[in-house]
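Considered here are two forms of the same protein chain, supplied as structure tokens in two stand-alone entries, structure 1 and structure 2.
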Structure 1
Amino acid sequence: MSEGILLFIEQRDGVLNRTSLEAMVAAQRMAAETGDKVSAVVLGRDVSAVATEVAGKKLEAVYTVTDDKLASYTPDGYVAALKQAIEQLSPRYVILSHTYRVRDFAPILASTMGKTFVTDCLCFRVEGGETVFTRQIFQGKINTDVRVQAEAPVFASFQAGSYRADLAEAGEQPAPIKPLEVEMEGVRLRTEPEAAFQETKQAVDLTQAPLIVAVGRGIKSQENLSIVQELAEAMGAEIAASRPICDNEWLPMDRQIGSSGQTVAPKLYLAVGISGAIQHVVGMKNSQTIVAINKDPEAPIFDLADYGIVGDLFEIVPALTAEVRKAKGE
């Protein structure tokens, strides 16, 4: 009989990934509705510090799986270890946060166990004993409620920022830390990982800029960038971009905002021709004032904008530049 919710805790070099705490909030809320209990599992060579940190939260237990083969992350090592942990604990749900690492191994794990995996969820609700997950499609333009009809455990990953890590409930007393025995002897690690690195020294530090004008694919071509550059100049703002602009090498990579670029929180973030995909939004959503200019009134960026103008950026941006200059008495 499957019961309980198993939460995957991600750590790198003994440092807890904070999005695991966001997923913990999802797991704890799910437990509150289903009457299940949440346990956590953490993998590595030595995970005592992370396990102790997590054990302070409201959890039934923190399971640790330690082995030399888990010292560096590899998909084969993680799949083998977690599969055994899940088989031993037989939870109803396995909850993860939708990180790059989870994206790299969890689909393999679910597939080899013949289980279903609902990825990148925003939230969930429980209805007559069944769980309905909400996830975005079309890069955040549409939400869907997804009903799962599958045998336990059901795997679900939650999008970064879907729950607030600081709302993870603390326990009355520390949760017991329980080592799990898994057989790693015969496991072949096909991946040889090298050390992680950063590409180049960041030439610009956008995190310090009070004003940012960010440009997206709506600009259409590199030549058109000048109108946005003029606006930025008039405002005294730094220019930044969404990923496709940097992918096309129209602007250098160190101007990219988002999950694979920089995270900023300026006084003003003016998004021009940017749709507002989650991977962009995580890099700028804490800006003090957000302005969006987009021709599509349904563009997700308007969901977080304080001010919005629906229209053609090729008309609005030059007009805005003129107004800013006027206001500055130029």
Structure 2
Amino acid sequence: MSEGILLFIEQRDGVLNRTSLEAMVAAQRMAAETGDKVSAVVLGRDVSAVATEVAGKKLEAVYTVTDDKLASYTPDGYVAALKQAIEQLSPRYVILSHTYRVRDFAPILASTMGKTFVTDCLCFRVEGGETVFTRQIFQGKINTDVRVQAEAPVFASFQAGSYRADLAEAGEQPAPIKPLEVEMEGVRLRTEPEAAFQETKQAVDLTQAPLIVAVGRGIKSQENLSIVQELAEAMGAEIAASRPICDNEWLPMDRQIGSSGQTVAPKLYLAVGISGAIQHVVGMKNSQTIVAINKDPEAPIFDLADYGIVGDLFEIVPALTAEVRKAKGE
């Protein structure tokens, strides 16, 4: 059995991670250029709902790997199960989304198999039958091309927001769902997941948010956050921040966007009082629409923004909030 491109589908408690659909777009477009077929693999104890959801996309097959030892994520369990799945399917490429979970287990998996792993890719192209991956270095300042001359499979993960999840192609008919048998009896799980911190349970996963209002140092003080929070509430958006806001503990660290925070790609990213330092930009530059509000017309954020408003955020934000509420009939 040989599968050209094998896509790893990430799920948590039976809920599909949206970034897996972004990676699916990359895999489907790669297949269109290389002539390979795309199949998907999903791990867990009961993954029937996720497998059915994914099977509606343009895939050759959806492989399920189920075992009690995969009920909760552990790197040992995922490495053991995926290694066996890859050995059975013999793909040329293994495509993943560059999530925290993938960062944890995929380097171990690739190393264990003696294979090459190209991480955090932005895109790819095919030249003379060779797949060339593009990734960033020096905190997003430089794009570099990576050509792999190694035996298959080649592992590659794609940065969140590199492709739009809604562009994943649907299949003409559902892909077959095929269980894979793996031997987990002798696998020792050296880590045991603990219950999530209460704060984490209450927090939102910003990577899944369609609308984000992000605030930066232009807000001046913690007391002024309320005007931005009111706008986010009126819009039905999640609030996020640049690093200085979180470093000052004005908002929790899980709200931070950037190279040391979360990478997001919402439909709308509204940057309020954010200058646009490269460390922040790498975390939100792939947003579908970027709107910036800043009093400095030379702020770097305007080079990236689709729409820019130069002015005092303390006047502009309340006016926007009022207009949003008016439009909603509130």
Partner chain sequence: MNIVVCLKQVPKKDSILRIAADGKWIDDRDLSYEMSEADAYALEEALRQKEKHGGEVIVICMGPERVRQSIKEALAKGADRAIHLYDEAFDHASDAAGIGRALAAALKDEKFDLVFTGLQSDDYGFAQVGLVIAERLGLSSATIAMEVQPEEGGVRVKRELESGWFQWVKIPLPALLTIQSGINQLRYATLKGIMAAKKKELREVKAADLGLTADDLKPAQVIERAYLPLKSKQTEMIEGKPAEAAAKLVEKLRFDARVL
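All figures in this text were calculated on a predicted structure; none of them were measured in a lab. Structure 1 provides the reference sequence; residues are numbered from 1 along it. Just so we're on the same page, rigid core means the largest C-alpha set that superposes within 1.5 Å between forms.
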| query | finding |
| --- | --- |
| Structure, 1 versus 2, that is the form predicted together with its partner chain | 1 |
| Flag for Ala32, CA shift 2 Å or larger between the two structures after aligning core | no |
| Yes/no, Trp250 Cα shift of 2 Å or more between the two structures with rigid core fixed | yes |
| C-alpha of Glu298 off by 2 Å or more between the two structures on rigid core | yes |
| His280 CA shift between the two structures in angstrom, with the core used for superposition | 3.6 |
